[in-house]
Every structure is written in C-alpha cells, then in structure tokens.
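Shown here is one chain on its own, the form predicted alone, set out as structure tokens.
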Amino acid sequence: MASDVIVRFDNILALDNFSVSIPRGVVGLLGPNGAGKSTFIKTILGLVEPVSGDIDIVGLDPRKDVMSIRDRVGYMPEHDCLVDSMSGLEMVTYFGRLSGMTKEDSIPRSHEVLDFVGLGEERYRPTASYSTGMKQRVKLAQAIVHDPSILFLDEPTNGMDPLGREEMLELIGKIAASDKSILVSSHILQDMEKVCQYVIIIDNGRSVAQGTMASLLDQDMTKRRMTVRGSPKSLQTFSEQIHRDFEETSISEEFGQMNIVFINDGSFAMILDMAKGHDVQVRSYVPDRLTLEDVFIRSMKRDA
C-alpha cells in the first residue's frame, strides 16, 4: 500500500501524491513511458528515497526494512542486468547467492528455474550471445531463484516477438498460480489484459484509474457493436452520419457489410430510423465490452 508518496529528481516530480492499495494476484501497473512506473517499483524496493508519504509492503517500511523486503521480493528490471561474460547459469546462481542462498542450494535451484523459464543448453553460453527473449527469461529466472512471495516485473515482454510474449505471459500465470503476488509494469496493454486481475493506471506520477479488470472493462454499458448491410453508397452515407452524431471507436467493412463500434446511450429505435433513412439494413446490434486500451485512453484524456 502507498499513501501520498512524493518522489522528486531535481525539478522533476516523478511521483505526485501517489496512492494505491495493491491486492494479491497479478496486478498491472500501466502507463506511458515516463509516467512513474519504474520509479514506484524502485521506491518500494528502497532504491529511491521518497520526499514524503508512506509505503507498507507486507507490514514493512522500505526506508527502514530494506533487507527484509528484498528477502521477500523478486525483481525483474526493465533494463539489462546481465554480465556479458557470465553464462545464464552463472548469472542466476550469482543472484541466488546475493539473495542469501548457499552455493550448495543455489546451483540446483538455478537449474530448476532455468528449466521452468525454458532455457536449455543455452544456459551454459555467455549471456552476450543471447537474444532479447533469452535475456528476458534469464532475468525472470534470477527474480524467482530465491522463491520470493512477491514479484516486481518491469516490462517483462519488452522486445520479445509475439510467440515469446505469449510464453512469458504463460510463465507469469504459472507463477501466480503458486499463490505469489505479482506487480507487472508494462505499456503493452494487450499483454496485461490477458494476465492481470487488477489494474492501476498511472500518468504524470499520479494514479488516474484503478480497479479489478472486470470492473474497469464493464464500466461503460453504452458501447455498442452494430453490423449493417447495404449498397456501398448507402453504407458510406450511413457511416458518415454515425461519425458525426456519435463517438465512434472503429469501423470495418467486408463482404458488403459494415461493422461499427460506437457509443450510444439513446434508444435503438433512433438507430433503426437512421438506418431506414439511408436504406441500410441492421443485421445485429449488441453491447460491446470495453478493452483495456479503451480504458487507458479515456483515463489519459481525463487526466489531460
């Protein structure tokens, strides 16, 4: 939990009275680059000193209980933390030793977590030869080698190809199933929508929206998805009127019909009359659930 946390870097206000209450499970910390996501994680870890405010993590204060917190926390940083000349196995073992594990325990445990993240014989090669995806896997392995109860993952899918991203999200889901709390910082909204149960949206160092994924995506019951059919000219003039009269979010056309997603808090009868006037047939008209991108954009607009 964070309450009214302020962090400054010279004249830059990185966190501006930032307050959140983070539940168990997979929590997404979302925001544009420079919003304050990484600063918040580093403040929790005791790597950045806040000007004011309070932070409580499992009953501990990062200003007083730094080592106790680090024993309980695994951290996967956004930027490279790997030594080029060391192999993946050596890196993970080294981080295990830094976390207080003995050499006898850290080596077999390192093999175990490297197997878990899907790094095979490559673990014996220098990390300088690794692809971005392989480096991300090693960074995740070092974060979980000491079996922490809390994980901070900063941009875990950054720079990975689509298949690698899917596999990383599956790994996060498997870790969460072992009853660990995970805070995932990312700007890739599609990834977070797949894996998070709770979301915190941050902009300019402030929390601009937070809540369960379900409550955020279901908050607007006026969004509609409509399929219409007609001649190309009729569809064109009809879509132009929809664009003028409503907040339209997307239009696509194929096989002689058009799909329109828009906001309508009025009656369906009004839409039918409009369609009739343009000689357009309404084939379907159903509620359309918000996406995390919709929620994110609206939160940014409200904050602006």
Partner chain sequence: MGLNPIGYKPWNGKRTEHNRRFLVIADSILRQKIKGIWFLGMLILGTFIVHVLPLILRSMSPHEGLSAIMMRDYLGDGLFFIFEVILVALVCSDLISEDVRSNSITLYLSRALRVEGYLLGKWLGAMITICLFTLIPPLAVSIAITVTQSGSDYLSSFTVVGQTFLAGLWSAAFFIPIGLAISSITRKKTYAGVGTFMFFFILMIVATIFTEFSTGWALLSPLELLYDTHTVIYGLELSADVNQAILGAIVFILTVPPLLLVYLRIMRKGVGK
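As the structure is a prediction and not an experimental result, all values here were calculated from the model. Residue numbers count along the first chain shown, from 1.
Just so it is clear, the following notes concern the form predicted together with its partner chain, a form of the same protein that is not shown.
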Tell me, which of 234, 204, 197, 99 has a heavy atom within 4.5 angstroms of its partner chain in the predicted complex? 99
Just one of 187, 223, 180, 229 has a heavy atom within 4.5 angstroms of its partner chain in the predicted complex, so which one? 180
Taking 4.5 angstroms as the heavy atom distance cut-off, pick the stretch from 43 to 51, 256 to 264, 269 to 277, 28 to 36 that is near its partner chain in the predicted complex. 43 to 51
Does any heavy atom of residue 193 come within 4.5 Å of a heavy atom of its partner chain in the predicted complex? no
Could you confirm whether residue 208 comes within 4.5 Å of its partner chain in the predicted complex, counting heavy atoms only? no
Is residue 118 close to its partner chain in the predicted complex, meaning a heavy atom pair under 4.5 Å apart or at it? yes
Does its partner chain get within 4.5 angstroms of any non-hydrogen atom of residue 147 in the predicted complex? yes
Contact set, 67 to 103 vs its partner chain in the predicted complex - heavy atom within 4.5 angstroms: 67, 68, 70, 71, 75, 77, 79, 80, 81, 82, 83, 84, 85, 86, 90, 91, 94, 95, 97, 98, 99, 100, 101, 102, 103
